[in-house]
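Shown below, as structure tokens, is a lone chain in the form predicted on its own; questions about how it binds or moves come after it.
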Amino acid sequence: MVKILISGFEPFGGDAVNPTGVLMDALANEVIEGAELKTVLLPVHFDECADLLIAEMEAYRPDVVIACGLAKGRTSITPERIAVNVKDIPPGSYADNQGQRPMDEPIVDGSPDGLFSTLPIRAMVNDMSAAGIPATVSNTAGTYICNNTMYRILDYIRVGQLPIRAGFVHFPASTEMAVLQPSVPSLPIPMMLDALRIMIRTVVADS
């Protein structure tokens, strides 16, 4: 049985919903062969989000961590290839939910400039695409909360030399969000949930 810890985020940036939070609720009662699942909802606060996820890792001792977040404007589900050691909110972009706006700051002083996902991201994309779900590998997780979270968990694993595979997946806006913002690309929640199920099965098969 592969123990998998999956995280999503609360709403941010003025939106009433975050699809990854909805996915955590939907996944809570899922049974997937070969997997033991635990979900956690994270705040959109720099550093606190990663602190909470690392605490969950320490308590649950997972084999795999799949962190999930919203990338409004993307047209497909995008497993991230790399996280970079910087937190930066450009002028005009959303602050976090505590009003923080870091600029050009390292996430972890003295740690590598970048850390790669250890999830089977290409297989995940191939399996989603085969199921008719828009998916592609992303080469940038940005410099906001999602990148911050991905970098911190990968660095925690690196420093501790832990046998945990981890990475991050961005999801587009949900159809519910697009009702209020019709120009924003979106996917329905049932499709995103199917995608998450597929990624879990891919990880189990690759373990």
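Numbers for residues come from their place in the sequence shown, where the first is 1. Keep in mind the model is a prediction, meaning the values are calculated, not measured.
Form predicted together with another copy of the chain: not shown, discussed below.
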Exactly one stretch in 59-67, 43-51, 173-181, 26-34 has heavy atoms within 4.5 Å of another copy of the chain in the predicted complex; which is it? 173-181
Another copy of the chain is absent from this chain, but in the predicted complex, do G160, A195 and T202 each have a non-hydrogen atom within 4.5 Å of it? no
Does another copy of the chain come within 4.5 Å of any heavy atom of L119 in the predicted complex? no
If you check in the predicted complex, is G99 within 4.5 Å of another copy of the chain, heavy atoms only? no
With heavy atoms only and a cut-off of 4.5 Å, decide whether T143 touches another copy of the chain in the predicted complex. yes
Closest heavy atom of A135 to another copy of the chain in the predicted complex, within 4.5 Å or not? yes
Considering only 70-84, what residues come within 4.5 Å of another copy of the chain in the predicted complex, judged by heavy atoms? T75, S76, R81, I82, V84
